[in-house]
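Form predicted alone, single chain, as structure tokens, below.
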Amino acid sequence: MVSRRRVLAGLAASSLLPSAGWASVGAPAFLSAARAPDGQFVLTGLTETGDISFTIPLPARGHAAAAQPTRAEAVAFARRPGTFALALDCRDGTVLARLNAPEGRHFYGHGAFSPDGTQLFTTENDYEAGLGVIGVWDVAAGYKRLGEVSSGGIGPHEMRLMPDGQSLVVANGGIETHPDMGRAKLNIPTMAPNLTYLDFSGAIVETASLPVAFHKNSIRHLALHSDGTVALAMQWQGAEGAAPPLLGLHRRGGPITLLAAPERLHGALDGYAGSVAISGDGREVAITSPRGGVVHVFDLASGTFLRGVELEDVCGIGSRAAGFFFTTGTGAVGALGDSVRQQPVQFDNHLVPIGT
């Protein structure tokens, strides 16, 4: 196993601005997994006008993807507990590499590139030990695995590069699973989700946890503000009918702040936040609930609930210059609160931004 310092050395800062490479495939703003009308699972590129700029077949259902920052290349991840990820040339669908999780590991459906695109980081389960790890892959060497570091918890799901370009934040969902048990959750009574921040050496520099009363609130998905604020979307694993907050905000050095809509609206989320995004102007934060068919939007600075927007089976959400872009399992896509387009696919859970 390589040293932690070598493993995360690729986080040295470089620009995350879109490159001309993505212009070669229609300059999409987002990536999304989807299901085509014939049942084929695919990875799509989406523009901010709702156009599909490319479609690439996948061997099984995808969850999320990671966009290479310097060229039109993406890594598509299988849905948990998948053991494969595909590095794809988005210009023609060529499979550049197939990443196989090492023995005793499986992917959690998310990953992130280093700012210069030379390394890929993947959230994984060391399922015999019941611990989370971050796998590290050398892109130039054909996605050769370099090693791994601890995720700082159990069940790491989404992971993002912090705006400083020099550290990672990991959503450790707290749920222990084992592939022999499918998607069964094995430790609900004792689960302990957290946010973990890792520095260049792989050392844990900060951990933020939820209040004890909300220890069954699995932290799953993340969004970032340029000032370092992390927004987190959660999924409740406790008693049915309970309605804990499902949106949190965190700044390094402080506690997690929990936000919720007024009671009569909050219950519509049904204990499940699917995705989270912060608007491009930094003023608003939003979570989606495919179970409730609703998007909840809050003022980021004050935490005040602003509005709810009903959309059937909505889950994917991403930022626009002002406001949000969404996708649904029914194929609807568009700017939140604006005109809606219908595409002939069923979009899966997430919108992955390109170049931000």
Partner chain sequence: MLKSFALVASFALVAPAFAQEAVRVDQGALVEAAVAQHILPGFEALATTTQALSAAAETECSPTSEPLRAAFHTAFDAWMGVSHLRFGPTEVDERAFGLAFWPDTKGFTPKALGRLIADEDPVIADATDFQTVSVAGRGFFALEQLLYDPRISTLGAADYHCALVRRVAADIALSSGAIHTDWVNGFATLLTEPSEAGSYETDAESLQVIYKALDSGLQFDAEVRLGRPLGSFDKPRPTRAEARRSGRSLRNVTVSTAALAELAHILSSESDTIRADYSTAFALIQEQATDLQNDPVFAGVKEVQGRFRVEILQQYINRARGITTLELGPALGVSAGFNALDGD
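Residue numbers count along the first chain shown, from 1. These figures come from a predicted structure and were not determined experimentally.
Beyond the structure shown, there is the form predicted together with its partner chain, which is absent from this document and is the topic of what follows.
When its partner chain is considered in the model of the complex, only one residue from 243, 162, 205, 188 comes within 4.5 Å through any heavy atom, namely 188. Candidate site formed by 100, 124 and 306: none of these residues places a non-hydrogen atom within 4.5 angstroms of its partner chain in the model of the complex. Note on the interface: of 174-182, 145-153, 223-231, 89-97, the segment with non-hydrogen atoms within 4.5 angstroms of its partner chain in the model of the complex is 174-182.
Its partner chain in the model of the complex is not approached by residue 68, whose heavy atoms all lie more than 4.5 angstroms from it. Contact annotation: residue 315 falls within 4.5 Å of its partner chain in the model of the complex, judged by heavy atom distances. When contacts are judged by a 4.5 Å heavy atom cut-off, residue 25 does not count as touching its partner chain in the model of the complex. For the chain shown alone, residue 130 is a contact residue for its partner chain in the model of the complex, at least one non-hydrogen atom being within 4.5 angstroms. For the stretch 309-347, the set of residues having any non-hydrogen atom within 4.5 angstroms of its partner chain in the model of the complex comprises 309, 310, 311, 312, 313, 315, 328, 329, 330, 336, 337, 338, 339, 340, 342, 345, 346, 347, in sequence order.
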